[in-house]
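The chain below stands alone and is given as structure tokens, in the form predicted on its own.
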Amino acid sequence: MATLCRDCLRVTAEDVPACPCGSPRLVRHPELLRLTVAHVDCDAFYAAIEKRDRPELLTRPVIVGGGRRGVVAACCYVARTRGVRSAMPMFQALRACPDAVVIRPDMAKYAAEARRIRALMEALTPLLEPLSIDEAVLDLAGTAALHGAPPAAVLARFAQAVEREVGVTVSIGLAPNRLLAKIAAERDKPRGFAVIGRAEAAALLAPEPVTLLPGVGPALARRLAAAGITRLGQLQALPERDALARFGEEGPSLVARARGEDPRPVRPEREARSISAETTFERDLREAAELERPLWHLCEKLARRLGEKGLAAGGVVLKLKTAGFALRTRHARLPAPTRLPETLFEAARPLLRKEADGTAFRLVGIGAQPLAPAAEADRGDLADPEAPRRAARWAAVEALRARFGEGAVVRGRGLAPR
């Protein structure tokens, strides 16, 4: 049994009852010094940044999100004790927690702080795979000599650095693979450090519900329940042949994950599958003409994000959410990849007009899918020889906005009607 003190970073190969520094934050595990895969998740990241910047909110319930018609982007742990959850409609969140302080998201600020945390991660290992703005998986195999400490101690030191330099906390899961590391990270939030070893994984997972596994959503959970399987232990006991017969090609993989097995390596570069932008309206919109203006702004935002990622859109995905929260998605393939907002808009507008049948919509979004390399975008051909010129104009517009502000150049269709 090895022991790590998360405060003084003392590591011993024995199970010590207390640390000489007096800290109660001890991590004990027989495999502690052999595990290398870590899942790092910032605790209530957006809300934590806001509380850091406004200390008077430290004990208050804080919700980061849009107006009453938006959704909760993030909430602090005080708000979570009142029943508030991420992605919850704001009216439900405020009904559950009427005294919450609601703060509009400041994505530029959150992204800047996320980059600071990412830089601290990159100093630990080259095997770093970002999963979201505030979440990543790392493999520290072979780094003990570099850091002069085992991965567990290096991770505890990293958590201290994040608190000291950024002012937020992280939770860490340490395990032999990605799946178990993610499950571990969720077990001890906030400011947690949980360990799941290879030897104990199957027994530890057996009594848990099948929904504990990432990727097992409501639909798959219903299929499993129909087969009499609600606990991971029941999945573990399923022979591979039966799993294949009952659940198809995903069956054997599902059984393996129920046992805590996960062969996926940590990939430093994770390929983006889509890029999107969306907005929730302050009031429901019905007419195509009034829906087109926010769609245009989103196309500009999407074009900017594509440029930042060095990617182009090979197609567009229109997303609409009705007043009753029903989701509609419509797709259109582009004849050639693009990073231009007008091309994105012209592809999405017919999809929008077809759906604007008098239905009240509360949200519109636009996505780029599939993605293509930026070098393939807007080259121009006999069918569209002006594409390179439009690309040059868009680059000039973005340069002016970067220098003089977003309002320096505004297209007519982006102006509000008088």
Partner chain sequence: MKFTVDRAVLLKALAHVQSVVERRNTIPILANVLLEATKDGTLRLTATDMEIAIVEEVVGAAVAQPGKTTAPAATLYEIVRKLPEAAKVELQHPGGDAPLALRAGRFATSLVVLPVEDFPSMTEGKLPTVFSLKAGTLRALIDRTRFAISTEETRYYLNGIYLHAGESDGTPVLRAVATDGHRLARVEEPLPDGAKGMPGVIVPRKTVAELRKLADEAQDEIEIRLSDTKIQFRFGAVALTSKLIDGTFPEYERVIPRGNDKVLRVDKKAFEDAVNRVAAISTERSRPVKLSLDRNHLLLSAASPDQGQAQEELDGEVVRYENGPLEIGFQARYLTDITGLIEGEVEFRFADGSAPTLVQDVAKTDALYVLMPMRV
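The structure presented is a predicted model; accordingly, all values stated were derived computationally and were not measured. By rigid core we mean the largest C-alpha set that fits within 1.5 Å across both forms. Residue numbers count along the first chain shown, from 1.
One more form of this protein exists, namely the form predicted in complex with its partner chain; it is left out here, but the text below deals with it.
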The listed residue (335, 142, 214, 167) that reaches within 4.5 Å of its partner chain in the model of the complex by any heavy atom is 335
Taking heavy atoms only, is residue 385 within 4.5 angstroms of its partner chain in the model of the complex? yes
Could you confirm whether residue 379 comes within 4.5 Å of its partner chain in the model of the complex, counting heavy atoms only? yes
TL;DR on 38 to 46, 53 to 61, 25 to 33, 385 to 393: the one with heavy atoms within 4.5 Å of its partner chain in the model of the complex is 385 to 393
Quick one: once the rigid core is lined up, does residue 346 have its C-alpha move by 2 Å or more between the shown form and the other one? yes
Take the rigid core as the frame of reference and indicate whether the C-alpha of residue 389 shifts by 2 Å or more between the shown form and the other one. yes
Using a rigid core alignment, state whether the CA of residue 48 is displaced by 2 Å or more between the shown form and the other one. no
